[in-house]
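The form predicted alone is given below as one chain in structure tokens.
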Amino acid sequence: MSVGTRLASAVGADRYLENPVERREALLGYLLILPAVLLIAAVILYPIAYNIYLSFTTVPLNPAVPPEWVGFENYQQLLGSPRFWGAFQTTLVFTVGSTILSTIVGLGVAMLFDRSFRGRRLARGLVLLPHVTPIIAVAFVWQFMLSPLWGTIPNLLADWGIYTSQVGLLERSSTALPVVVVFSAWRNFPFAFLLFVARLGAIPNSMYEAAKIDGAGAVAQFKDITLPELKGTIAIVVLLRFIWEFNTFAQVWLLTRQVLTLPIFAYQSAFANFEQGLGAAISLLLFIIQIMFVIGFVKLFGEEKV
């Protein structure tokens, strides 16, 4: 038996070639999935491939002139730039802070709503308002509330003796970053709330009743029953929120210009300074960092949890 014959037998191609019915069914399957494959290639794979190409070039302002290949020059410029590392650190602080805060708030609110009371369905719907309201509207409302002239929050903090500066909280980078973290957590905690409240409803009440019979208090029930049952949901919430927060642009950009994250740095490089090759390099580094995080997260918590 020749090598080609043995290989065809190993992969089952001999049966495929000999059976016309299976061959037609396989061909029909390929034709059915072909539009989806082409669509994915057009809207996902091509932009990624073109971004990778642009990151190794310098794009001239004249659209009639093709990009100039510069190799790793954009990456060398980025890795040697303090502004890039500052933006990376700010992005990390913003992502970790808003992810942890939104997860904790979402879990706390879900536990409050995991009991029967009058108007619970209406109250659950109201909790979703921060997440479904257009981002441009809530950003302007927060800017109004944080205004040093007529905002309620600075006036309240001033009455308590906490805030005495004439500069607004969003006008200083030292205070703008914590405010943006709180704003992002406030806007996105309903997503965590939805997942947690669904999972809490699936925990059997018999587990809590058995714990009460054994004399377990509320803290022990949370530690030994609720938290272990929510581990998988917590892992999913943290993973998704980390990915989304790491790419967040609108929430930060609309609220203040004093916080420089990597997506904003990429936008400014590509569309304000017209260094599209540099912006593409920043975007590719963002993509690589997230891929590394996802792989590490799955390795740490296991595929069955995420």
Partner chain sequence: MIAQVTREVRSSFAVLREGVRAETSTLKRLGFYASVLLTMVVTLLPFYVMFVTSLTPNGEIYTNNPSFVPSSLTLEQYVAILTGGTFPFVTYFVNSAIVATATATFSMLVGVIGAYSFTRLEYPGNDMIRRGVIVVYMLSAITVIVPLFQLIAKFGLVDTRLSLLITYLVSTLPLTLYMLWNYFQSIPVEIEEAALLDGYSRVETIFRVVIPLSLPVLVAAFLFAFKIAWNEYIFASVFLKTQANLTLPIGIEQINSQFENVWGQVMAASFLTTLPIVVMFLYLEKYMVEGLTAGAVEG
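Being a predicted model, the structure only gives us computed values, none of them experimental. Throughout, rigid core stands for the largest set of C-alpha atoms superposing within 1.5 Å between the two forms. Numbering follows the first chain given and starts at 1.
Keep in mind the form predicted together with its partner chain is missing from the figure; the text below concerns it.
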Hey, of 79 to 87, 95 to 103, 199 to 207, 161 to 169, which bit sits against its partner chain in the predicted bound form at 4.5 Å between non-hydrogen atoms? 199 to 207
Whether residue 140 contacts its partner chain in the predicted bound form should be assessed with a 4.5 Å heavy atom distance threshold; does it? yes
Spell out, yes or no, whether the shortest heavy atom distance between residue 59 and its partner chain in the predicted bound form is within 4.5 Å. yes
Distance check, residue 114 to its partner chain in the predicted bound form, heavy atom within 4.5 Å: yes
Within 4.5 Å, heavy atoms only: does residue 72 come near its partner chain in the predicted bound form? no
Please state whether all three residues 109, 120 and 123 have a non-hydrogen atom within 4.5 angstroms of its partner chain in the predicted bound form. yes
Can you tell me which bits of 129 to 152 touch its partner chain in the predicted bound form, meaning any heavy atom within 4.5 Å? 129, 130, 131, 132, 133, 134, 135, 136, 137, 138, 140, 141, 142, 143, 144, 145, 149, 150, 151, 152
Once you overlay the rigid core, does the Cα of residue 159 travel 2 Å or further between this form and the one not shown? yes
Could you check whether the CA atom of residue 41 moves 2 Å or more between this form and the one not shown, using the rigid core for the fit? yes
Against the rigid core, is the Cα displacement of residue 28 between this form and the one not shown at least 2 Å? yes
